[in-house]
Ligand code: GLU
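Shown next as structure tokens: one chain only, the form predicted alone.
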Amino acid sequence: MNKPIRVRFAPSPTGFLHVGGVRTALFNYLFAKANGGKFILRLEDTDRERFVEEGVMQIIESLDWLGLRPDEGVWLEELEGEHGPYVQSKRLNHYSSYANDMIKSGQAYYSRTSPEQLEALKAEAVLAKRPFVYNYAMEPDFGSDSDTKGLPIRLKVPEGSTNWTDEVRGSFDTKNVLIDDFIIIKADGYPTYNFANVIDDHLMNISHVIRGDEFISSTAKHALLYDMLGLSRPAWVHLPPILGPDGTKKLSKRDGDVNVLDYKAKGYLPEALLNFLSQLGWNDGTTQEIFSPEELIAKFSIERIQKSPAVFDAQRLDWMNGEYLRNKLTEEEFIEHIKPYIPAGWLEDPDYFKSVLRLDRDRIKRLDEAKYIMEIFFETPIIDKQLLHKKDDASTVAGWIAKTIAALEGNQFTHDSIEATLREIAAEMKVGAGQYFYVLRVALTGRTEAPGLFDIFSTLGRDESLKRLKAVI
């Protein structure tokens, strides 16, 4: 294919953009940038019954947050381009023009079958145990009635078969007798998806249609339309499905296919989310896992897109986000990112905050975890007595803590001096270090999971540490 690379992401704003849609947008974006092409954002809003006004802005905000800015199309202000408007509801004249030409040529017709008649025909097919495929022969005899106002327009599917090729999956061959005379213009005057996307892709000079595998079953209809209209087909690329963590069913909202901006709210970095999604159905043939945006563009190719389904592993996403938080942000950048997720008062002593952050940074995988992970250094914990006494009875535990307080009163309170003192106490009491340190960790933090015990003591400082231990006694 020699024509310039032009790809489009064409979501339908019948709801909010989810991660599956972002994966599609990302692959289109990477392919365009890797080949010096254009990435276009088009809104397919012809399903007026399910149209969600807020969905339009959510799509734009999501792509903007992720850095997937189109070269042409819908944006906060429509981006310059020769093929607009880029919203289908503003392009009705194009669809009616093509549909009228097809009626005149006998390739399409006004359908007079009522909804009740259509249901009766479907029921008849069910009783006969045969697939229901609507065709022109099922149209009722309307005599001399020539009023076509409010009637849908159907494509008159010809005999034969329709062949088309997917750049990833190979060739498909569909017998036309299995393709129904599908509606191209609805009774309300709006086009169906099957018709509008073909007309728009042609008029916008789209070279490659990269989309989810759910459209494979419709592609024979699209290929047939291109042929009947005498138009040049684009190259079709269907991406593998994204499965939930168990690998048996398609990703659902419960598993992570949620409003993309929810990931922003939870504290995922856009670079980490894109890096993760880029590897759902594509790899560069190496074991590399972390890519810069420039590397993704340089390495991306259709040939490396996989046929097999990809599994959405939320734990891997968390790991990858943690890698970005630890290794891609400076300390000051990390603090700026974390500010919306923590109480402002924690930043009153910048030096203390940084000492806590250095201790906890490796444990934070999402920014919304930061408050819980760090709060043991800023708020007096509530101690669960059952947790505290899990290793021994109350009087014994109280004795251990009392010995600790007495020993640490004059300690230099450095990491090493604290460790030496506590290990000496454990040996003196003939108590296992793990058992003893467990009690001290719970007494200081109220938790069993926390940074290293000696780091906790040295970061809290002598006064706060001893204050907490005395309060427990």
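From 1 onward, residues are counted along the sequence shown. Treat the numbers as computed from the prediction; the structure is a model and nothing was measured.
From this point on, the text means the form predicted together with ligand GLU, which you will not see here.
Student: Among 179-187, 210-218, 364-372, 99-107, mark the stretch whose residues have heavy atoms within 4.5 Å of ligand GLU in the model of the complex.
Tutor: Only one stretch passes the 4.5 Å heavy-atom test: 210-218.
Student: Note which of Y134, Y352, F334, Y193 lies within 4.5 Å of ligand GLU in the model of the complex, where distance is taken over heavy atoms; exactly one does.
Tutor: None of the other options qualify; the answer is Y193.
Student: Could you work out which of S111, N197, N275, T162 is the residue within 4.5 angstroms of ligand GLU in the model of the complex, going by heavy atoms?
Tutor: If I apply the 4.5 Å criterion carefully, the residue I get is N197.
Student: Taking heavy atoms only, is T459 within 4.5 angstroms of ligand GLU in the model of the complex?
Tutor: No.
Student: Just to confirm, E44 within 4.5 Å of ligand GLU in the model of the complex by heavy atoms?
Tutor: E44 belongs to the contact set for ligand GLU.
Student: Is A10 a contact residue for ligand GLU in the model of the complex, using a 4.5 Å heavy atom cut-off?
Tutor: Within the cut-off, so yes.
Student: Which of the residues spanning 278-312 lie within 4.5 Å of ligand GLU in the model of the complex, based on heavy atoms?
Tutor: Heavy-atom contacts within 4.5 Å come from no residue here.
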